[in-house]
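We've got the same protein chain twice here, in two forms, each standing alone as structure tokens: structure 1 and structure 2.
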Structure 1
């Protein structure tokens, strides 16, 4: 019986999430034993150009060329998995979306943007699901490598992959971490989806929401926390936009 064909693609990103696949170490042998990786910029020199059972994609879409490539992948892949904050929420690439593409080109390239071919079809950055249907998401910056393995296993078995729908605070409690708010550190753990094993708070680094919101955040509890520590919605919003500027942009357009 033929193994499922899997292709791994990188759009606009740092490639850190794809490197997490390499970091699977001994687990990558189990994964490769169950699938046939037919295309992967980080691991293979050749390109198959064929149909895929699963396409794993990292990075946000920042050019028309990438958008067209993404649509072609969707046409040839039975299942598409978005991995990492850039693919999931648009990530930090969307931070400048309050400006036009031309304004950003002018600032970054000091008027020389027209000389760079790769910028001629630049668009406002956006996550994968703004362009195509995505079947599953493995969030984070970078992803939790074990979560990716679980996602692939579930999808190969025809099961729905489900993300945790509770906040990072729950994982902090399980690890008996102290609350960062008590250290005067603003943390997005109360509204951010768990699954990272509270990686940042466990080393006294604030959660910046790289895994996106939980589906139904307890807004009243979040407001109580802000009031307790003398903070405002704007204090939280600035940090949330680091990885979720695209979602904020869409919400503001709906409310306009």
Structure 2
């Protein structure tokens, strides 16, 4: 049997997720044994011309050109995996989405935006699934590399790759962390999807929701708690939006 052809693409992001793939070290050798990486900005240079079994994509979509490229990848790839918060939720790229593209250009480039070629076709940043159908997501900023290996394994085996559908708190309790709320630190663990082994609370840092929300977050309950700990609705919204601004944007449109 021919090895599955895998391509890795970077859209708008810090490329931190692809770096996690490089960090896979010995595991990547196994992975490489099982797959054939045909295109990779961080690793390979030659272009292979499509027909991928799996396309792994990091980053969000911030220009028309990227959107077009993404649609092309979709047409030629059997399976698309979105990796990282940028690709999954839009991530921090969507933080400014409450402003129009023009407003952002004028604030950031102080009137010089017209001179910059790459900005001509800028659009509001979007996660991949706002533009194409995504088959699997490996969330997080950056991704948990073991989860990526798991996802590729599942897809190779023809199994559905399932993310945990319970909050970070579960893993936090497994790690025997005391709860940050008891130290008056506001944590988004109760509504954020587990799978990172409670990376942040385990080093006494609050969760900011980089893995996106569980399927069915109890937002009212979350608001109750956050309010109880003295946060205003505006503060709460800001915290929710760090990694999930696109989702809030969509929900607000729906409710409007």
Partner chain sequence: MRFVSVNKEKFFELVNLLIKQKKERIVGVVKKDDDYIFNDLENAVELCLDYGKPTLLPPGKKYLLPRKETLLKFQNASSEIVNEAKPITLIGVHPYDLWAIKVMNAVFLSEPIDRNYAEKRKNMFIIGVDYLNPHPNSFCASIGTYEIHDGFDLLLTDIGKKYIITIDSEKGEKFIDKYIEFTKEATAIDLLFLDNAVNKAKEKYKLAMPLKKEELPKFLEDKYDNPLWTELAKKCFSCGKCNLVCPTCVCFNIEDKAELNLQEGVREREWHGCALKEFAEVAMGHNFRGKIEQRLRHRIYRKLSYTVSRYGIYGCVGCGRCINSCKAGIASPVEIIKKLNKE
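Residue numbers count along the first chain shown, from 1. Here, rigid core means the biggest group of C-alpha atoms that superpose within 1.5 Å across both forms. Everything quoted here is computed from the prediction, not taken from an experiment.
The form predicted alone is structure 1, not structure 2.
The two forms, fitted on the rigid core, differ between structure 1 and structure 2 by less than 2 Å at the CA of residue 12.
With the core superposed, residue 242 shows a C-alpha displacement below 2 Å between structure 1 and structure 2. Summarising the core-aligned comparison between structure 1 and structure 2, the C-alpha atom of residue 231 is found to shift 4.1 Å.
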